[in-house]
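The chain below stands alone, shown as structure tokens; this is the form predicted alone.
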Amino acid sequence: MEKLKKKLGSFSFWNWVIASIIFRLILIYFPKNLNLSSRPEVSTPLTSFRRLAEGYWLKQSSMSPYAGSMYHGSPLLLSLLGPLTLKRIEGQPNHLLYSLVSVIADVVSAMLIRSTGQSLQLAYFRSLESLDLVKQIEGSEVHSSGDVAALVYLCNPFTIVACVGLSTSPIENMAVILCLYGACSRLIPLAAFGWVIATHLSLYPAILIIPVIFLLGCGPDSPPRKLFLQRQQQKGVLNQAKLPPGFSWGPIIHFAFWALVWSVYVLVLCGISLKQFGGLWEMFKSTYGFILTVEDLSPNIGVLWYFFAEVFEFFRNFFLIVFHVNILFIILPLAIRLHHRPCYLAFVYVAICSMLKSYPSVGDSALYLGLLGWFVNELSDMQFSLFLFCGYVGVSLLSPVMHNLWIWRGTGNANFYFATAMVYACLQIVLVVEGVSAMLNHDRKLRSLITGKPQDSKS
């Protein structure tokens, strides 16, 4: 066990962290933040800084922040981040304070990812020790998944442009990561707080309740329980200490209590904030209703805007149901197949939501790519890695070009930009499918090491 831990790759983690922070600060001082805040890949109707500033101005003018259909975010963001849209420091770039808040959110998220990754890796080592498989993998290279995941998140160009582009995505991502960190660390009030805030800000993280339940009820990711039983049967002795813990309802009830407390607290604050502007119903209609009805068809890196711009109005409600229910249909099969790996299940859910949500941005991709780093060792045999890397780079370069040809030069049309969105969606599909396949193959590999039978890729 100790030899295995010594094999963890040693690299200057903190040097990379400092370099990523400095790089962000340099980009912030570029004129107008390189105009990233106006890019449809970075800024959406839900994460736009300009819309946040507009909503705050309306509220300061004693009008509803949702008047005019400009702002569709949380009223709590108006209270917390709204003042930063007006404050200026003489001789410094505009919105410097807001940019610094985004930088801090990215760094905090990376540290939480690192801590969670270290907890997952320790649990992984303990599982291998219980299965007596430490010697079998001592010859393989083992990476520090926490450090890798944190650096993937911090140094990812998607994370950087979302931060410098004055998007609210860093705040939303931090809430999701806080939820998973709290669940892995058994800090139930913190996990409930992160889940409630993440759901309040963007609705889609509500489905993370399933991996959180598995995390609290069964513990962190581990091989299937039947592998431990097979190993014990081979020894002829059933040692309960080496079996993974069974499902426990106590932490789930505790989580439900705290989730209810935080939900009531958030709703009360929102109600007080919007008391003069229509109350909670106005907030639900302008936030969750706006997400579910896909009212804004401005271009983004998703596929729904183009589809609903072309579909007949008569069929609009039908296809709205189809697209949103599609996410719900995927939840149960994945939960059944990956219940023993709740953190990986959370990654898959986040990736699927990023693919099918109404108003996606690169900040969503930054989140699931960071979570993917937690499983750098388990997914070492994943196929099409180079293809996916080149595909993401290609889409990142072509998307601004196609948008420019369509909107500014007039030499293209909407199909040019939509083509890059389709490729981007296909890349995410390949990533999810190959990632799940690689994780299941990893579990089969462990089973073959225990039973001594050759690995069957179809089993």
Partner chain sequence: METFNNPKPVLHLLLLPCLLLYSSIAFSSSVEAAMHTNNWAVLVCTSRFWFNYRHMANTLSLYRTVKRLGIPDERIILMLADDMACNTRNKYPAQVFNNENHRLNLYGDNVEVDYRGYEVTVENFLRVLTGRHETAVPRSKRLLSDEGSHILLYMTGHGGDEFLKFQDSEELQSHDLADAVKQMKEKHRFKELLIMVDTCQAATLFNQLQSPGVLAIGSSMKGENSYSHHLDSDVGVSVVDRFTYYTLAFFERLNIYDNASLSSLFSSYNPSWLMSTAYYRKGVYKRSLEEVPVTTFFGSVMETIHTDAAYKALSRRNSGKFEAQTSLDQSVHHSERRTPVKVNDRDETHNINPEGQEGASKCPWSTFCNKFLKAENVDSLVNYGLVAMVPFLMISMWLVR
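Residue numbers count along the first chain shown, from 1. Here the structure is a predicted model, which is why all the values come from computation and not from measurement.
Beyond what is shown, the protein has a form predicted in complex with the partner chain; the following relates to that form.
**Q** Looking at Leu187, Val264, Ile253, Ala206 here, can you tell me which has any non-hydrogen atom within 4.5 angstroms of the partner chain in the model of the complex?
**A** It is Leu187 that has a heavy atom within 4.5 Å of the partner.
**Q** Check each of Gly278, Gly289, Gly246, Pro157 and return the one that places a heavy atom within 4.5 angstroms of the partner chain in the model of the complex.
**A** In short, Gly278.
**Q** Could you confirm whether Phe323 comes within 4.5 Å of the partner chain in the model of the complex, counting heavy atoms only?
**A** No, no contact at 4.5 Å.
**Q** When the contact criterion is heavy atoms within 4.5 Å, does Ile28 count as touching the partner chain in the model of the complex?
**A** No, no contact at 4.5 Å.
**Q** Might Ser130 be said to contact the partner chain in the model of the complex, defining contact as any heavy atom within 4.5 Å?
**A** Result no; Ser130 lies far from the partner chain in the model of the complex.
**Q** Report yes if any heavy atom of Pro400 sits within 4.5 Å of a heavy atom of the partner chain in the model of the complex; otherwise report no.
**A** No, no contact at 4.5 Å.
**Q** Looking at 122-130, 348-356, 265-273, 371-379, which stretch has residues with any non-hydrogen atom within 4.5 Å of the partner chain in the model of the complex?
**A** One stretch meets the cut-off, namely 265-273.
**Q** Let me know which residues along 400-418 have a heavy atom within 4.5 Å of the partner chain in the model of the complex, or say none if there are none.
**A** The stretch 400-418, when checked against the partner chain in the model of the complex, contributes no residue at the 4.5 Å heavy-atom cut-off.
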